[in-house]
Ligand SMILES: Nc1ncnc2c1ncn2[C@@H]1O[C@H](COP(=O)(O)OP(=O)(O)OP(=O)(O)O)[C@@H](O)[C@H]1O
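Here you get one chain, nothing else, as structure tokens; it is the form predicted on its own.
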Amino acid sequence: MNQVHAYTTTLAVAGVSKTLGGVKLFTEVSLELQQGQSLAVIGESGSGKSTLLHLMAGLDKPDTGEVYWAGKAINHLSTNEIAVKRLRHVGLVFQAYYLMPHLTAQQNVELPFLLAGQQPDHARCIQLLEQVGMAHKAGSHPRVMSGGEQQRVAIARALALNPPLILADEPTGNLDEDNAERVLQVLLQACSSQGCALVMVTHSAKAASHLDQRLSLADHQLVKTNPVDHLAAQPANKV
């Protein structure tokens, strides 16, 4: 990987391979993502797309290859060092939301500030809740929110510290069609307004069609696709 060029990228994956439980998931996967770009990684269940996202997030390590955040290799770092860097560089959105049930919507959005050892920016957190259409639920707990509402709060939380990279793992997988569409638009609009890069893994070609670029994880490789046929295959090493 060109080290000078790496410093111009928000996320770079260079020659990454991963085997899990004796099963080869993917081999020699490489890609680069610039500020403001959005990328969908499509794949069937078990294809390894969530594992790839976890490698991008520093939640797991590849067997071979390297992951770079803003040009800095992360895989040689300790778990604690990666966690500290991830808090600043990566916003995570999961299918299961993972909101803290005993905290209100606003308190959930403020949580990253506390984890970073900072006083919460209350005005910013309210602004983010407004941005995702959830300011009216700022004082509500997750138990009284719908799935779509919880996911929008989770997106606001992911954006709280203005990270340059958002990684979303099947963020619409548990939602009906209307809520899925709304969550996708909220995610894209929020990322556009903050200028961050977005990677979303999904099994849905329809969801993927909303993003700028699409790659499919199939036969242990990442291949280019298009909005019409998400199984169209051209080898693709870079975005």
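It should be emphasised that the depicted structure is a prediction, and the values quoted were computed from it without experimental measurement. Heads up: residue numbers just count along the shown sequence, starting at 1. Under this definition, the rigid core comprises the largest set of C-alpha atoms superposing within 1.5 Å between the forms.
One more form of this protein, predicted in complex with the named molecule, exists but is not displayed; see below.
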The unique member of R182, K61, K206, H203 whose heavy atoms fall within 4.5 Å of the named molecule in the predicted complex: H203
Interface segment, criterion being heavy atoms within 4.5 Å of the named molecule in the predicted complex, picked from 30-38, 188-196, 64-72, 48-56: 48-56
Heavy atom distance at most 4.5 Å to the named molecule in the predicted complex, all of L103, D121 and C125: no
4.5 Å heavy atom contact, Q150 and the named molecule in the predicted complex: no
Non-hydrogen atom contact V16 with the named molecule in the predicted complex at 4.5 angstroms: no
E44 within 4.5 Å of the named molecule in the predicted complex, heavy atoms: yes
Residues in 10-37 with any heavy atom within 4.5 Å of the named molecule in the predicted complex: L20, G21, L25
Rigid core superposition, S30 Cα moves 2 angstroms or more between the shown form and the other one: no
